[in-house]
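As structure tokens, one chain now follows by itself in the form predicted on its own.
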Amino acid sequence: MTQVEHLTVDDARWDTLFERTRGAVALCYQCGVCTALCPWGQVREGKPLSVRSLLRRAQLGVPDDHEDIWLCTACAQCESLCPRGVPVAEVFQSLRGMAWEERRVPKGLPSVLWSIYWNNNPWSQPPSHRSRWAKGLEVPRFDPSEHEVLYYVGCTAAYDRRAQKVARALVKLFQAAGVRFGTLGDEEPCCGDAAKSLGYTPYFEEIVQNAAQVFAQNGVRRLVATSPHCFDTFRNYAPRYQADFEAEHYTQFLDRCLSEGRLRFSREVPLRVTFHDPCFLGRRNDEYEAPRRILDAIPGLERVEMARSRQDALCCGGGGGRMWMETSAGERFANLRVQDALATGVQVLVTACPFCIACFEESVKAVGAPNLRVMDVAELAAMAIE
């Protein structure tokens, strides 16, 4: 006899979710486009992430014990073609928030938030080491009377050794362009992306408000961020808390330096490359051209497109808090993305996000492609200046 699943509808739960998503969850009319587009369907044979089903259960107020709410990478692939404009990632974050309140979260995630609380970063690293990435470089403390921009390094570029190379390349580029910049050193605040992605909204709001206050106290009116995740937070969420500053991703800033003649590339970089669009730079903030214009300005560099690019680019798998959760080796989006790059015959897979770099370098090893290098736009650009 076929077993029938019995569902208990909880109207109070639905009311809470409706309020937290400002009614957006009610827009879904179950067309299924989200499930069809979700990248998990490409790596989980026979068991894709049924986004449609999760949204329907949410609309019914059915308590959700599924681990699937922790799979979303917030890549916005489903949102890009949703006919109703449902902010799916936001709904998932709200569901995660309710799971926190009910103490139903994957093991290890509380330590990420505790690290932000105690260390001002999710990497469990000492706050006093935040500026060690700049050892040996001339990186001044931000002074609003002298500097045009604050360089916001971010937690990942400050503590992750691979991402530190990107931060150092950016310093070289800023100096070559004559940019008057400074950092906040060890006093730089966390942006809170990890807390937002994991669904702990109240703490995220506290972190963002604190960052806005730190920037205001230091006279920051304009900042340039290494990571698209930090950029997204400061561009799209900080203004909700009366933050009075402008945020740019570094590719946007360098692109403008090139157009204004402040930055020039004089050395040839004879490489064949392809660019991967980070989800939080592309689909989430509609910036596809700035990184490509920078690459195209480098002498000797040949850029080719992958079959899936711009709005259709496949997620690396590191967003939506997935950087802090384990993903089975056979279910990593980045493996497929590396194969996309290999199909173009390039030497370098280029991106502009520290999370993407981390995911791709792991997948290059997993796929067995030792001749494919993973680099950041900033690293290639730094190779092209004297």
Partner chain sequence: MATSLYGASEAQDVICVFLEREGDTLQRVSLELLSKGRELADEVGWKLAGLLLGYYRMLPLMGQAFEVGADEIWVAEHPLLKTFTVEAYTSAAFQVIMNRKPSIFLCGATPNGRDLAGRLAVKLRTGLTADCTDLRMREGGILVGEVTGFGGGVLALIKTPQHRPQMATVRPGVFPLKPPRTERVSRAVEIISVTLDEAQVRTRVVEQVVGRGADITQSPVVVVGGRGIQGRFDLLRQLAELLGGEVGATRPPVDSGQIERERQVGQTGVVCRPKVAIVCGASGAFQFTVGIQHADTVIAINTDPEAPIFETADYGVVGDALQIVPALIEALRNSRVAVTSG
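Residue numbers count along the first chain shown, from 1. Computed from a predicted model, the values in this text were never measured in an experiment.
As for the form predicted together with its partner chain, it is not shown, yet the points below apply to it.
Contact check for Tyr159: a non-hydrogen atom falls within 4.5 Å of its partner chain in the predicted complex.
Not displayed here, its partner chain is kept clear of Trp70 by more than 4.5 Å at the level of heavy atoms in the predicted complex. Remark: Lys365 counts among the residues lining its partner chain in the predicted complex, judged by a heavy atom distance of 4.5 Å or less.
Contact annotation: Ser259 falls outside 4.5 Å of its partner chain in the predicted complex, judged by heavy atom distances. Only one of the listed residues (Glu206, Glu302, Glu90, Asp186) places a non-hydrogen atom within 4.5 angstroms of its partner chain in the predicted complex, and that residue is Glu206. The single contact residue among Met325, Leu60, Ala26, Leu336, judged by any heavy atom lying within 4.5 Å of its partner chain in the predicted complex, is Met325. The putative spot formed by Arg52, Ala307 and Ser309 is not touched by its partner chain in the predicted complex; no residue has a non-hydrogen atom within 4.5 angstroms of it. Per the 4.5 Å heavy atom criterion, its partner chain in the predicted complex is contacted by stretch 357-365, the sole one of 357-365, 337-345, 38-46, 52-60.
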